[in-house]
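Quick setup: one chain, the form predicted alone, written in structure tokens, and binding and motion questions come after.
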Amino acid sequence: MADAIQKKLKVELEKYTQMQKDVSKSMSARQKLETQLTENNIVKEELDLLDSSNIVYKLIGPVLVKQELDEAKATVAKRLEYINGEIQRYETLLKDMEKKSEQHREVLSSLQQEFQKAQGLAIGKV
């Protein structure tokens, strides 16, 4: 009986470990998005300081290409919208992962208790 519980415990522990790795990856991706959001907000603030007489350039590969101010502002606004949407998606994903992680912890805890009881019974029989 203890062997069966031990196998279950091992499988659940592997699932929990994988879940923790996934949480870590998602948090890392979310941090990258936060950095991009900050950078794009700085760009937006700088573009807001300009008027139509200023010239804006966009870097495409190794070349600077002239771009309309309104077009640049629209591009940055779309980028900010996209990044905010992705951050929200990761927030939801992380909340779901935390719930699942908590469930795995509870299952692991109960399996550990069962395993300890089974070991205690096995020792008592010997």
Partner chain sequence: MAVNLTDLSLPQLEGLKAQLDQEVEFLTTSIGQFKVVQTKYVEAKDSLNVLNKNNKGKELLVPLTSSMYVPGTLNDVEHCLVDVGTGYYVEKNVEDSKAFFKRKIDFLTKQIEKIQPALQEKHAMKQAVIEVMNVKIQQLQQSQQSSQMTKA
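Here the structure is a predicted model, which is why all the values come from computation and not from measurement. Residue numbers count along the first chain shown, from 1.
The same protein also exists as the form predicted together with the partner chain; that form is not shown, yet it is the one meant from here on.
Chemist: Answer yes if any heavy atom of residue 43 is within 4.5 Å of a heavy atom of the partner chain in the predicted bound form; otherwise answer no.
Modeler: Yes, residue 43 lies within 4.5 Å of the partner chain in the predicted bound form.
Chemist: Decide whether residue 84 counts as a contact residue for the partner chain in the predicted bound form under a heavy atom distance cut-off of 4.5 Å.
Modeler: Outside the cut-off, so no.
Chemist: Quick one: is residue 29 in contact with the partner chain in the predicted bound form, heavy atoms, 4.5 Å cut-off?
Modeler: No, residue 29 is distant from the partner.
Chemist: Please check if residue 96 has a heavy atom lying within 4.5 Å of any heavy atom of the partner chain in the predicted bound form.
Modeler: Answer no; every heavy atom of residue 96 is more than 4.5 Å from the partner chain in the predicted bound form.
Chemist: Suppose contact means any heavy atom within 4.5 Å; which members of 49-86 contact the partner chain in the predicted bound form?
Modeler: Result: 49, 50, 54, 55, 56, 57, 58, 59, 64, 67, 72, 75, 76, 79.
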